[in-house]
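Shown next as structure tokens: one chain only, the form predicted alone.
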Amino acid sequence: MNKIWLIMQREFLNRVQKKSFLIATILVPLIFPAVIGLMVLIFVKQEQSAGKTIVEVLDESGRMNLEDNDKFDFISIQGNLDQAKTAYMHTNDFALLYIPSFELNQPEGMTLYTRENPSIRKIDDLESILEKRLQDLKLEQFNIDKETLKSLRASISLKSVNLSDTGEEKDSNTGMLYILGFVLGVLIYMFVLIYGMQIMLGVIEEKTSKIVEVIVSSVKPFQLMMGKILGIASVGLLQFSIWAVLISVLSTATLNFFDLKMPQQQAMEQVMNQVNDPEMAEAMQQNNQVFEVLKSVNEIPYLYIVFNFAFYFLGGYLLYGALFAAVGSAVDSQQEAQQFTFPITLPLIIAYFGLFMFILNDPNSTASFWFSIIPFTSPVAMVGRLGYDPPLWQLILSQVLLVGGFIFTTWIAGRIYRVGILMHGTKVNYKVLAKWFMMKN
């Protein structure tokens, strides 16, 4: 055990002391918010500087009468379609919209002519304008007042409350839980894959540089493998912890330094200041979705989430890390390893797609249960279910099986590693791996 600790310490210090680790650990929490902020700033500036889009309208039906808005200016033109297209090609206008005579119950034939492929956003905006105008024409046909129709529409905001076995009520926000499960599941998928690949590349590097032949003269191959896996795991945990602390501290410090508030909170305060009736203000505050979201964020059990996230990160990493280490010991280059990495990563990919297809859509379904129980998929699946508060017995069963899966894969990987780490120039396939696995000490 002492030798495993020494190897683990060597791996940890060797990676932490590199400039690349320091740069990635410190700059990533700064770069990502900066990039996102820059993209948002560019988008806002582009929207502010962009002028209105001019659309020529040839309306043969004479019924549409499209009105200008903050995005489009509609210019009505006369003549036939061929003349309109010829005239349009001599202008700088965005598009020519052709509206033929149509049946109100089955409007067909509307065409948009452009010189370049228009964005899907502008297409959607134009379709929405046309659909709204057609709805108004139908209302006029049946002598229905728009205001009357508007008053008949009802908007429902269904409040979700969880009831415990003791009858205790607890508010729940499905949208917030979906986002939480999505973020946690994707993080686990990324971390397990990234740090698992680091193990494989590290083993290949030591094997090809002959360093491993010196090391195994003092320690057993299994001890070397476990030390490397645990060392890189500690690096991953340290890096993730630093990222979490830096992002939280920097975000809070920035908001406090500039005395900023969330945009939702600013908008809400402006609305509240404009309302003079205290009862009306209180009703708006109670029904405002922003306050519901903020309340849901405050009610998230962060300690429970962080503990289980760390457990599944370690468990998933150790389970897959052992297999990546075995692959690294069996090959002499990264190119040779590609044929073996896909079967290893396949369960992770299945879990990733299962996160969106089953778990986030229905966290209590049979498929979600099995995805979160099977050790090869549980790190992604169960973490995605954490926000939905899965039954305690399922969580414990999943964790016990994950530990058992790690022990099982470590045993398999250790039997391959002990032989493969000293082999050079051997053409490796699955038959050779099976031979190494069955080989006696």
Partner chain sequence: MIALSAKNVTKRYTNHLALDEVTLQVPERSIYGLLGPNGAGKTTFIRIINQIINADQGEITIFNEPLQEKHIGRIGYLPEERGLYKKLKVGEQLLYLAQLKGMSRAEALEKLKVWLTRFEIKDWWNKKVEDLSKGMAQKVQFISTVLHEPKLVILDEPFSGFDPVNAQLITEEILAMRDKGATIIFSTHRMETVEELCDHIALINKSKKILEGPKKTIKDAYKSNTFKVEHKGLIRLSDEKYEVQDQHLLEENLYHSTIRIRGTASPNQLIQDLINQTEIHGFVEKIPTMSEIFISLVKEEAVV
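Residue numbers count along the first chain shown, from 1. It should be emphasised that the depicted structure is a prediction, and the values quoted were computed from it without experimental measurement.
The same protein also has a form predicted in complex with the partner chain, omitted here; what follows describes it.
Here is the short version: of D125, E206, D73, D93, the single residue with a heavy atom within 4.5 Å of the partner chain in the model of the complex is E206.
Checked against the partner chain in the model of the complex, the residues S217, Q335, N105, N117 give one hit for a heavy atom within 4.5 Å, which is S217. Taking the partner from elsewhere, R121 is found to have every heavy atom lying beyond 4.5 Å of the partner chain in the model of the complex. Taking non-hydrogen atoms only, L22 never approaches the partner chain to within 4.5 angstroms in the model of the complex.
Using a 4.5 angstroms threshold between heavy atoms, E213 counts as touching the partner chain in the model of the complex.
In the model of the complex, L6 approaches the partner chain with a heavy atom inside 4.5 Å. Only one segment in the set 186-194, 239-247, 218-226, 77-85 has any non-hydrogen atom within 4.5 angstroms of the partner chain in the model of the complex, and it is 218-226.
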